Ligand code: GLC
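A lone chain, given as structure tokens: the form predicted on its own.
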């Protein structure tokens, strides 16, 4: 009989998956080591997946935390850029080539970004990122190339740069060219022709998007580096006072798509978010059973939305940010619940996911009503369940 508590079993599952998904090798004399998100489905190194994996690795093997993030830095170009996918041991396959943001099949990495949380992950898992010049160089590249208005906020050129790929909030912006839609390869091809340069994309009619989750991660990383926070700029530009949520802005036209997704609540992770805004996000939305307080919360799209697909969009392949619950999004809003003193609610959120993981293992995402596991099996960033099951605040806090 297994006498371990569900919380302890969840931590054990997280450790097992991280260890079995670990990948090491050498390319052109450079040693690398990273956690494959899913060896069968996602074998390469993904930028934000590695950041989340490194945060959890600190519990079991701090050297692997460092190696994970050092491998991202080893792929860095001289100008500071780091792509969102790095092909260490094999090239992108022919079947995936039309959908991947590369200049050719032999490309070492993609030409696009993911939510920039490297500095913050380093702060949690390794140490002071300000002591690592390569991390500062990446921040400098982002500021120079993606802060299009000079207000400290970043802009993206494709939905997948947000990490939320096929979220329905992008449909009003990119339409048939959004991720998972028939025209997405056309968007990739057009942006490839424009060098994936955000200013060129904007100047050729866009669209470009000031996206909430990307800028949440950006503000956390700026603060981890000891640089001025961009949270105030986020509030000024992206906070919708009437609805009590953060909404993206698309240019041209200053379009504000109103589809309510969990990303509207992502700024709860920011320690310098004004308390009154944080409490509105929690009390009006996160704890609202008609929106985000499902048995296994929070769903990636509010249950009140017509686009809510809790089963993962089985009829629409690769449109999986349209309702299921993801562990990384749960952890980020859980940080806000803890900071604001909603301890009972934070425990309820954590226990819903812990129960799902105990039954289903680490899956890519979960049905928010039943906890049924969906998508890839043994999915590495779902190891963040350990942060919910056995909270360990890093020395000095998360920032």
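Because the structure is a prediction, the values reported are computed rather than measured. Residue numbers count along the first chain shown, from 1.
What follows is about the form predicted in complex with the ligand, which we do not show.
Enquirer: Indicate whether the candidate residues 42, 49 and 381 are all in contact with the ligand in the predicted bound form, with contact defined as any heavy atom within 4.5 Å.
Expert: Result yes, every residue of the spot touches the ligand.
Enquirer: To test your reading of this chain, name the stretch in 116 to 124, 157 to 165, 302 to 310, 182 to 190 whose heavy atoms come within 4.5 Å of the ligand in the predicted bound form.
Expert: One stretch meets the cut-off, namely 157 to 165.
Enquirer: State the residue from 292, 218, 321, 170 whose non-hydrogen atoms include one within 4.5 Å of the ligand in the predicted bound form.
Expert: Residue within 4.5 Å of the partner: 321.
Enquirer: Just to confirm, with a 4.5 Å cut-off on non-hydrogen atoms, which of 352, 373, 37, 336 contacts the ligand in the predicted bound form?
Expert: Selected option: 37.
Enquirer: Would you classify residue 364 as touching the ligand in the predicted bound form, given a 4.5 Å non-hydrogen atom cut-off?
Expert: Yes, residue 364 lies within 4.5 Å of the ligand in the predicted bound form.
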